[in-house]
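Let's start with one chain on its own, the form predicted alone, as structure tokens.
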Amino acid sequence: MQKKLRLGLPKGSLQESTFQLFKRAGFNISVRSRSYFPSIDDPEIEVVLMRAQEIPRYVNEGVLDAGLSGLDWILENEADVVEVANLAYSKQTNNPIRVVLAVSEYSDIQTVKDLEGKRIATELVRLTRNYLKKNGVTASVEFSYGATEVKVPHLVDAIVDLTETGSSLRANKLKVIDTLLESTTRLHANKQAWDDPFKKEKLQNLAVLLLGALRADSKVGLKMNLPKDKLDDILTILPAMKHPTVSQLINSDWLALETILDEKQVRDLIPSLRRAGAQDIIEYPLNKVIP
């Protein structure tokens, strides 16, 4: 019987960005409507879709060999797992998710100390209670089943919630008074799977490809031709990950140059390269960057 790695992937808001990341890493995942068992074009991986909040618990208990979920949910589940890779991506951006303490913008509450005897709503109950304990504050912490932002100030005094851009908090007239945690998605495994040579190698290979896809996400390749006597001028304005590759064109006084750089630099850089003597400039996307 063929060995397989049973991998939990997040269903819901993070699902689409996770599938896109896997595609850039070389894995095609397809899922039928309402199915929790997508197909993946790797016979050695079995994918299970479930809520990100639950994945660390099932990994910790050995139901899953490994999974992708945020550090916030790993800590909330108090999961004793092996971190394989820190994958800095989220629903909308590649920035960390923040776990924040927020109150009404009209509230007199200024710090966590002002929450003594107050009521807090959150999905992250354990994380919040540990935070209050660390700060020597006694408050009522209740589980929120959703729409947490709208509960302040009429139902609770404060919330602990996840935010990526802060737009939902601002829309509900809330202000952040503290950040409990910055969280990114983690590829994590249970210890039994990590001790299995096949599963460990599979996870390490997966981590290399996923991290390579993330590195490539904000970078592009740039190729160009240039006269030999313009090389120094172009090198002075050309950023690169390391050193650009320069090769001689056959039977010519021209060179070919290739480099990798941040996509956001290209818009302003190409006109400067053109003025410096570069020609035949080609910009191309990248799938993976493996250092």
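The first residue of the sequence shown is number 1, and the count goes up from there. Note that the coordinates shown come from a computational prediction; the quantities given were computed from them, not determined experimentally.
Heads up, the form predicted in complex with a small molecule isn't pictured, but that's what we're talking about next.
Novice: Any of the heavy atoms of Gln53 lying within 4.5 Å of the small molecule in the predicted complex?
Specialist: Heavy-atom contact with the small molecule at 4.5 Å: present for Gln53.
Novice: Is Asp72 part of the interface with the small molecule in the predicted complex - any heavy atom within 4.5 Å?
Specialist: Heavy-atom contact with the small molecule at 4.5 Å: present for Asp72.
Novice: Closest heavy atom of Ala121 to the small molecule in the predicted complex, within 4.5 Å or not?
Specialist: Judged by the heavy-atom cut-off of 4.5 Å, Ala121 is well away from the small molecule in the predicted complex.
Novice: Is Ser183 part of the interface with the small molecule in the predicted complex - any heavy atom within 4.5 Å?
Specialist: Result yes; Ser183 sits at the interface with the small molecule in the predicted complex.
Novice: Only one of Asp178, Asp217, Glu164, Glu142 comes within 4.5 Å of the small molecule in the predicted complex by heavy atoms, so just point that one out.
Specialist: Of the listed residues, the single hit is Glu164.
Novice: Find the only residue in Ser90, Asn190, Asn77, Thr128 having a heavy atom within 4.5 Å of the small molecule in the predicted complex.
Specialist: Exactly one listed residue reaches within 4.5 Å, namely Ser90.
Novice: Can you check 231-239, 64-72, 261-269, 26-34 and let me know which stretch has heavy atoms within 4.5 Å of the small molecule in the predicted complex?
Specialist: Residues of 64-72 come within 4.5 Å of the partner.
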